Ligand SMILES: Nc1ncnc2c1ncn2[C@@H]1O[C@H](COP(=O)(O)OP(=O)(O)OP(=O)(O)O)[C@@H](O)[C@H]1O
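The chain below stands alone and is given in structure tokens; this is the form predicted on its own.
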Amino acid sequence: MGILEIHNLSKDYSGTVVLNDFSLDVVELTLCCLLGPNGAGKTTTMDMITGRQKPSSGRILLNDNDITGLDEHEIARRGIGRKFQVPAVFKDLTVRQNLEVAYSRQTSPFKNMFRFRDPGMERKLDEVATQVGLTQRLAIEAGTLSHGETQWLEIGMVLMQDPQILLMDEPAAGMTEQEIDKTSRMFNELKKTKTLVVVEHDMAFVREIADVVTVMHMGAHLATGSIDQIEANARVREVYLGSEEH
């Protein structure tokens, strides 16, 4: 049994099927990559897990507790954090301030005035800044970061909330080779203490980070296995690897 279980998840919009009886079992402290052509249902699956969208049918379990259809803030509170493909950072704030804001779980501006008195915040900030390689960049404005650094900052902002599971949507998109290499090392360290689900197209990056790979096609499960097994799978090559070179 996994820390995150998806059972027979389906989603349709006025008769258009986006997810079709999709199931996934994510084991704790592993990194699972979701692959598939555009329109395969990867982002929709992430939306369902985080409560951004509601499934038409099926169940989602976190630590054996049913979280199907809960609101986003409720699911986040239970330990699921998400990084979107396009980074959403506060460009006019420093890196440190971005991490401080992310640490606060209060929605009230008045309560947020006192968030920095939390004695655990500084320890967490130092830990996360080290994890994402931004210790030397804490004092600069986020708007001046490189693309890769901005991606790492948003990963750091998710980590400040101390989730059990991190969902990452194409974290390596637009990065240089050096940035991708650093991100690979970062993820391989993170999975020692976190469970990760990563949507990605860069097969070289997937090979470096994935413990298990699940391939989706037309909203359904196509194959699951190691990266070697997936690359050798004739059906996967036909519908994905053979038609899209990454």
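All residue numbers are counted from 1 along the displayed sequence. The model shown is predicted, which means the values in this text are computed figures rather than measured ones.
One more form of this protein should be noted, the form predicted together with the ligand, which is absent from this view; the next part is about it.
None of I209, I49, A40, V198 but one reaches within 4.5 angstroms of the ligand in the predicted bound form through a heavy atom, and that residue is A40. Shown alone here, E170 lies within 4.5 Å of the ligand in the predicted bound form, counting heavy atoms only.
Contact check for Q85: a non-hydrogen atom falls within 4.5 Å of the ligand in the predicted bound form. Contact between T44 and the ligand in the predicted bound form is found at the 4.5 Å heavy atom cutoff.
Though the partner is left out of this view, L24 does not reach within 4.5 Å of the ligand in the predicted bound form, counting heavy atoms only. Residues of just one listed stretch (62-70, 173-181, 32-40, 186-194) have heavy atoms within 4.5 Å of the ligand in the predicted bound form: 32-40.
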